[in-house]
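Shown below, as structure tokens, is a lone chain in the form predicted alone; questions about how it binds or moves come after it.
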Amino acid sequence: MRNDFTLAELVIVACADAFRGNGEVLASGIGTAPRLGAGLAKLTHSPELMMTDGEAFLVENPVPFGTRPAAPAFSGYMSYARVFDIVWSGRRHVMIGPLQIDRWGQANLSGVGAYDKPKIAMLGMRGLPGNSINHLNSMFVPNHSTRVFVEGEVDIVGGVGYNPARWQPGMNRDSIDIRRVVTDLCVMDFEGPDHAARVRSLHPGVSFEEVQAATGFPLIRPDDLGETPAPTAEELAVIAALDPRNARASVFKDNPPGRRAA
């Protein structure tokens, strides 16, 4: 049993697992942990993933966080138009960090409160509506609480989910695929009956009851619920190489250990 890892490193590995078996798609991790997770996936179990340098090129290897090699190994030009071609064709998997998520997997990036007069205004819709109906999506939540996992609908629906009330007859729902939600407490998905939210794994030292208390809607506890896998020595080495300046230490306050004390 490994104990020499941080919570950030644990969730980076969990984020990487979300990209497992995706095939040759563009892996886009938004934020420190998702980006390092996508890079870890590329360099370990999913070498077929495509990645960009964050500017205008596809790269053969992930660009280390906070640095840029003098001559990255480019494999193709990635124009703005080509990004949309990939989005619309479904050949992308993005991991985002929304303000709110509800029981149907609907996500809110825009703000808290009413749409016409929000208490807090954030990024706006960005590309979330189109992304959520065209390709794989996952989410990362650094502070699992009822303020994020809300009771009822999110305040502003930007990311499309499985809410039947939002779908009209004849609309094609086949492309909706919310693959994983990684938080500081657990890993979740929407693979329960009728896309109900369920807990896939609990982080070391966390109980299902703690997760449910921090969630504004009911969660399914599967019979085979286990512990989120700890990082291996190989994975920790890859993470360190991808993050030489240790940006991962700032993902969570005080950079806590990955195994919570009893």
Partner chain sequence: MTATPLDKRLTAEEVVARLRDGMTIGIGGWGPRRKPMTLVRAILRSPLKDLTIVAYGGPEVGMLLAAGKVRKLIYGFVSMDVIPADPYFRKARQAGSVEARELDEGLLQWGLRAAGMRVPFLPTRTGLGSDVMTVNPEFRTVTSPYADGEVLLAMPAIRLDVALLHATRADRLGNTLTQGPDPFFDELFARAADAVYVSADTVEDQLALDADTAKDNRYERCFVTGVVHAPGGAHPTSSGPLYGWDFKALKAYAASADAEDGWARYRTTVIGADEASYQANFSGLDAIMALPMPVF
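Numbering follows the first chain given and starts at 1. None of these values were measured; they are calculated from a predicted model.
In what follows, reference is made to the form predicted together with the partner chain, a form of this protein that is not presented.
Within this chain, Glu55 lines the site of the partner chain in the predicted bound form, having a heavy atom no more than 4.5 Å away. Contact annotation for Leu128: at least one heavy atom lies within 4.5 Å of the partner chain in the predicted bound form. Contact annotation for Ala73: none of its heavy atoms lies within 4.5 Å of the partner chain in the predicted bound form. Contact between Gly66 and the partner chain in the predicted bound form is found at the 4.5 Å heavy atom cutoff. Among Ile133, Val187, Val150, Ile86, the residue placing a heavy atom within 4.5 Å of the partner chain in the predicted bound form is Ile133. Contacts of stretch 154-176 with the partner chain in the predicted bound form, defined by any heavy atom lying within 4.5 Å, are made by Asp155, Ile156, Val157, Gly158, Val160, Arg166, Trp167, Pro169, Gly170, Met171, Asn172, listed in sequence order.
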